[in-house]
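Just one chain is shown here, as structure tokens, and it is the form predicted on its own.
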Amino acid sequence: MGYDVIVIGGGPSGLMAAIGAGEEGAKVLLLEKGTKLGRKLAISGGGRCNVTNRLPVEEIVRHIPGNGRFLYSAFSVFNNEDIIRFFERLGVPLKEEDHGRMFPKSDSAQSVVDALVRELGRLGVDVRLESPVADVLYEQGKAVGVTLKSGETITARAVVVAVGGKSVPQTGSTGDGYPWAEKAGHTVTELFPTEVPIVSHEPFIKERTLQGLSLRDVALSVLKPNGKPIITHRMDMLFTHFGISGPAALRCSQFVVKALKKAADGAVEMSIDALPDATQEELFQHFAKLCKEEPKKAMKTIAKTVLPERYAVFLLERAGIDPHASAGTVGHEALRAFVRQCKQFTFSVHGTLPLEKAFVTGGGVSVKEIEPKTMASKCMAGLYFCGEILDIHGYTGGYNITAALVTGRLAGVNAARYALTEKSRISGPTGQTTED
């Protein structure tokens, strides 16, 4: 037989799987359809590669709203602290930044990719680039190898599918693996974009009134029809020519996608609390005091003491106040209306950018059909899945990559153990396998 383990896909989870299988002493082939390994790793974290996150496991699971709980078993075997030790051992020391995000001290994603590729070489893993897989082969309830698009067939005792989802297709994630999973009897749940900019047809968006404006540390909410928040994320955000983007918007996006499915009129309300540390009453008192102390000052001058000027002018106009009006001429009712806008500027959103523009794919191979400690298929012996092809999705900040590295490691190690057990099971008395 050709190989013990074939790993399809040279992204984060595929590289980890190939290394894990190599460490177990298996004969491993890594197939990558592109011209180089680790393309998604190389562009992650703005080219610095946010390798993992140092928060406690419970927190990490909380930051993976898409089936994060499935990973508890995996984390009991190999977790984020193990990822940190793994990279230190490969000569890539990491440093911690805000919110527990871990980056290489070199600030270079390429140093992470290079270390993984060196380790593949050290373990004697065969790597073939520009080798797209056409199909995974199954016989008598077992994975037995792959056929390449070139027509070549390569046999193996175990196959690890690590081809990613459908987001960031320029790195090679074009959804190749879903048909192979379905052919093995797996359910692929509906795919949708997550961590994706949000689209709005509001006039102020179409007119680009706020385009390019960043708001720092605001509380952005997706609202239910009754006006109560479904989710609130407190982070930075950005107004664009098509809607909103930036960390807070990306985190809210999957909730927008789900809420739009239920929305009768194709719109969902969102709201921005630009000053989350103050109550409405505190803000009102603050502005009332300023207006009284400086009655001749223009309202926009007073408003911009706590808000970016463009946003201050925009909200004043929304509240029916002329930004150039003298503070002393503005009544309490108008001032309260302005404070309401500061605390709860509500607007409609109508969708997101497409899956191709998303950072992360929601949906995928159902985790109900995967063994949580080994990443083995429950439908087909010798078949393993890892990384973004699985129906697991987290927020950006090192959570998806942690899921990819952990599931990759488990898939590779267990694929190798399975393959080597199969090999010894069918070995003759001389130790020669009857198939070799």
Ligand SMILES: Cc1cc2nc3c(=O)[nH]c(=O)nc-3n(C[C@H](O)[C@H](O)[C@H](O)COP(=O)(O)OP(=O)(O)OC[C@H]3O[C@@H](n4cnc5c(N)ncnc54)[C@H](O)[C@@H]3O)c2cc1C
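From a predicted model like this one, the values you see are computed outputs, not experimental measurements. One-based numbering along the sequence shown.
Keep in mind that the form predicted together with this ligand is not shown, yet the notes after this line are about it.
Of the listed stretches (201 to 209, 109 to 117, 126 to 134, 227 to 235), which one has a non-hydrogen atom within 4.5 Å of this ligand in the predicted bound form?
This holds for exactly one stretch, 126 to 134.
Counting only non-hydrogen atoms and a 4.5 angstroms cut-off, does Val160 reach this ligand in the predicted bound form?
Val160: no contact with this ligand in the predicted bound form.
My question is simply whether Gly45 lines the interface with this ligand in the predicted bound form - judged by any non-hydrogen atom within 4.5 Å.
Contact check for Gly45: yes, within 4.5 Å of this ligand in the predicted bound form.
Indicate whether this ligand has at least one heavy atom within 4.5 Å of a heavy atom of Ser348 in the predicted bound form.
Ser348: no, not in contact with this ligand in the predicted bound form.
Even though the partner isn't displayed, in the predicted bound form is Gly20 close enough to this ligand, meaning a heavy atom within 4.5 Å?
Taking the distances in the predicted bound form, the answer for Gly20 is no, it never comes within 4.5 Å of this ligand.
Which one of Phe359, Phe284, Phe75, Tyr138 is close to this ligand in the predicted bound form, taking close to mean a heavy atom within 4.5 Å?
In short, Phe359.
Answer with one of Leu383, Leu410, Val28, Ala404: the residue that has a non-hydrogen atom within 4.5 Å of this ligand in the predicted bound form.
It is Ala404 that has a heavy atom within 4.5 Å of the partner.
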